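One chain comes next, on its own, written as structure tokens: the form predicted on its own.
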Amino acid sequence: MRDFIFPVRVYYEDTDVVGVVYHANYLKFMERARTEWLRALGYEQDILIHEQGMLLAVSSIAVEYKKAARFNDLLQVAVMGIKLGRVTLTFEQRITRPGDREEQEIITTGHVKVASLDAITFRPKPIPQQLRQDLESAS
């Protein structure tokens, strides 16, 4: 899969008192990128709930903070390396700050596992066949 890149501007509300991005907000940036990646494939999460009776929920996440992002930085949040299971999707994600001469400074990396759940019972539910095919095509 080609990396999916989603730009994020750091706003004042994303930072702590010294103007550094608060650690939990990196998870929000990653969530937005995964949502936009899914949207780019033609899927809206609310429609998956209503039409397929399934939702996607984070089941595990590991994050490594390498450098600080600051107020007003323009960041790039990448979705990459998707591994597809029967009821799970595992993503590698990276947040970077573009640098000079095409160099990117790595700010944060993440390993995110998302589970397909029944929208009513919240029990694991196999990823629907059409979505599975589209995910395999994007990989």
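Note that residue numbering begins at 1 and tracks the sequence as displayed. All values reported here derive from a predicted model rather than from experimental measurement.
Omitted from view is the form predicted in complex with another copy of the chain, to which the following refers.
J.: Just to confirm, residue 34 within 4.5 Å of another copy of the chain in the predicted bound form by heavy atoms?
T.: Residue 34 belongs to the contact set for another copy of the chain.
J.: Is residue 106 close enough to touch another copy of the chain in the predicted bound form, meaning at least one heavy atom pair within 4.5 Å?
T.: Judged by the heavy-atom cut-off of 4.5 Å, residue 106 is well away from another copy of the chain in the predicted bound form.
J.: So in the predicted bound form, does any heavy atom of residue 90 sit within 4.5 Å of another copy of the chain?
T.: Flag for residue 90 set to no.
J.: Since only the chain is shown here, I'm wondering whether residue 62 would be in contact with another copy of the chain in the predicted bound form (any heavy atom pair within 4.5 Å).
T.: Yes, residue 62 lies within 4.5 Å of another copy of the chain in the predicted bound form.
J.: Decide if the three candidate residues 75, 82 and 132 all line another copy of the chain in the predicted bound form, where lining means a heavy atom within 4.5 Å.
T.: The answer is no; none of 75, 82 and 132 reaches another copy of the chain.
J.: Going through 104-125, which residues have a heavy atom within 4.5 Å of another copy of the chain in the predicted bound form? Please give them in sequence order.
T.: Contacting residue: only 122.
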